[in-house]
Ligand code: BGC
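Below sits a lone chain in structure tokens, taken as the form predicted alone.
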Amino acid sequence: MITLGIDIGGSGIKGAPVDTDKGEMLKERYRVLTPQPATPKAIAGGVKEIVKHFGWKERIGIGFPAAIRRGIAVTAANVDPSWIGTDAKALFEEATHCKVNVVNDADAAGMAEMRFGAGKGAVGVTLMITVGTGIGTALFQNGELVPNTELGHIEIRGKEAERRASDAARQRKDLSWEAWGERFDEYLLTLEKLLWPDLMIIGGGVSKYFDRFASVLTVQTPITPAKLLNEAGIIGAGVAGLHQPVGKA
């Protein structure tokens, strides 16, 4: 089945039609800048622009940087705080006139990697970490998602982890990949002590630079870059578009 996958991030909103059987984008992705401030109305406008670009009228899946409970945003990471309590599903359906399912953006990327990428066939506990403007996490037990883990917000040295170890932090501090990798390793070691996963998958924008910082990582857990790289969010959102959230018609 073909759906439209849309990945909403702190700096960009990206989308493309997705073949959910093959895990492939069928057209080149279309990207618009995330509006600032990233209010519900403004982001809905960006999503509408992507839908219009593809002339889309069918199902849509959206990965959004927040914990999503039955279509409602209950946090607001790297978007305007006015998102908290917003019915994101209803908002995007009104803007696009399409059936929409909304999931956490890291959960969407993880779903893609578990179905088509580095996590395919993995057993036990798999932890996907997406690194870009912020840090997102997706946790799986034998391939089954535990939604909305949001472990990018745990505290490291008195600060939220993503304030120290996201790619935005690397750019803000003008860190080399090696210096940033040491910060990121500290974060991974903390997650390892909390969860003891069987596999860690690194996704998001930094995944294509994995070789530049892999040598400084000291976690015991096997660790690998995402095979779908930065396309995982769009593909996973497309997969999520096949479903409706619990409690929604």
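Residues carry their position along the shown sequence, with the first being 1. This is a predicted model, so every value here is computed, not measured.
Omitted from view is the form predicted in complex with beta-D-glucopyranose (BGC), to which the following refers.
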item	value
Interface membership of residue 162, beta-D-glucopyranose (BGC) in the model of the complex, 4.5 Å heavy atom rule	yes
Distance check, residue 153 to beta-D-glucopyranose (BGC) in the model of the complex, heavy atom within 4.5 Å	yes
Residue 88, heavy atom within 4.5 angstroms of beta-D-glucopyranose (BGC) in the model of the complex	no
beta-D-glucopyranose (BGC) contact at residue 110 in the model of the complex, heavy atom, 4.5 Å	no
beta-D-glucopyranose (BGC) in the model of the complex reached by all of 66, 106 and 134, non-hydrogen atom within 4.5 Å	yes
One residue of 72, 145, 168, 77 in contact with beta-D-glucopyranose (BGC), assessed in the model of the complex (non-hydrogen atom, 4.5 angstroms)	77
Contact segment among 171 to 179, 110 to 118, 93 to 101, 77 to 85, judged by heavy atoms lying within 4.5 Å of beta-D-glucopyranose (BGC) in the model of the complex	77 to 85
